[in-house]
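Shown here is one chain on its own, the form predicted on its own, set out as structure tokens.
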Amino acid sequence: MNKKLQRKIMPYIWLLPSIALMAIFVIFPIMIVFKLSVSEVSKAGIVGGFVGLKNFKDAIALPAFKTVMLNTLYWVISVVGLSTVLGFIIAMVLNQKFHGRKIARAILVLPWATSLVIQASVWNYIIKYEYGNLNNILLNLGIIKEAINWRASYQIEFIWECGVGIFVTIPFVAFCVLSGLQSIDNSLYEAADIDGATFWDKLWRITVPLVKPSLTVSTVLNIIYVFNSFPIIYTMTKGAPSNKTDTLVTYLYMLNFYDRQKGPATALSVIGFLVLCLCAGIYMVGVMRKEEDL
């Protein structure tokens, strides 16, 4: 084998273990799910013959489908949107020099490092009506005269779930943005100061454009992460009442393991996968266009 051919083949040889692992643990399971989504699947999990798009039609015809899809949309937009804005602000604060900055950064990691099940369980306890910490603190401070039912309706419960999702997602965004901020040359800000630029001028003309790559990556990963998030909603409400607080992931889980409707559940999982592929595809197209412009 000549050296030229060896150079061409060698990268693929080194990538072969990774490709094999992806094929076994990612591609192969995805192919099985796609097959199940167009097959008849009994309540016992026995796979029958080809049924075409019947499972998809059954899934879309489910009474809770519209509510679940809207909940998923609200969940992703609110959690990703607000955590991105708040994470960006916190990253800018942590990028400044002040006493205790290292401690502040360490504290910020805690919500992200802690298990989501533990986080959700703790917040469940905090907002309890009878003996929750939130009511106890407000009562002791004299802010309220009687305990408030923080879970009076499913809409309020869903807002609490979104709030917990934002709380645990902020650290990830903050550290992604912080890495981008630390890569910006300080001489750019010094030159802007000489030119008389205001804080907002520096923010929109220097900070945001240079942090945009880090922010874009964190946003795309956040969409995938939040869309697939299961522990918070399942731990706090399990989708109750009547799937009113379910998202797509928790709903298909309940549909599969509790209602034993395995065909529609696999169809819903394929729908979720295609939605995420669409988001990733839009991101890749945007990145490729930017590279061509450069």
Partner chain sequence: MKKILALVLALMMSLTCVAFAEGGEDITLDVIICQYGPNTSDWFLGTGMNGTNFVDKFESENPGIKLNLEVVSWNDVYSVVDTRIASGQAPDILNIDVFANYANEGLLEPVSQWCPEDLFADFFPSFIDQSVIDGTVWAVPDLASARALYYNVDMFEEMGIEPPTTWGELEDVAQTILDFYEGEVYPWGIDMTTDEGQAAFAYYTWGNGGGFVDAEGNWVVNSPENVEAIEYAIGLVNDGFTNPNPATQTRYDLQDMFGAGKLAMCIAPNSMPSYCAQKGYEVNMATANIPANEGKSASSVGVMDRVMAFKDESAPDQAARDAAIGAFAKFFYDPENYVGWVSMEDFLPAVNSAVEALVASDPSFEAWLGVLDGCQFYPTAMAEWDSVKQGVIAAEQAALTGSDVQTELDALQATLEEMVAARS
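In this text the structure is predicted, and so the values were computed from the model without any measurement. Positions refer to the first chain, counted from 1. We call the rigid core whatever largest set of C-alpha positions still superposes within 1.5 Å between the two forms.
The following text describes the form predicted in complex with the partner chain, which does not appear among the structures shown.
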For this session: Give a yes or no for M284: in the predicted bound form, does one of its heavy atoms lie within 4.5 Å of a heavy atom belonging to the partner chain?
Result: no
Exercise. Can K43 be called a contact residue for the partner chain in the predicted bound form at 4.5 Å between heavy atoms?
Worked result: yes
Exercise. Quick one: does S269 come within 4.5 Å of the partner chain in the predicted bound form, counting heavy atoms only?
Worked result: no
For this session: Determine whether any heavy atom of A59 comes within 4.5 Å of a heavy atom of the partner chain in the predicted bound form, and answer yes or no.
Result: no
Exercise. Quick one: which of 79 to 87, 114 to 122, 143 to 151, 170 to 178 gets within 4.5 Å of the partner chain in the predicted bound form, going by heavy atoms?
Worked result: 143 to 151
For this session: Give a yes or no on whether each residue among T67, F199 and V208 has a heavy atom within 4.5 Å of the partner chain in the predicted bound form.
Result: no
For this session: Go through 161 to 191 residue by residue and record those having a heavy atom within 4.5 Å of the partner chain in the predicted bound form; state none if no residue qualifies.
Result: none
Problem set entry | Core-aligned CA displacement of I13 at least 2 Å between the shown form and the other one | yes
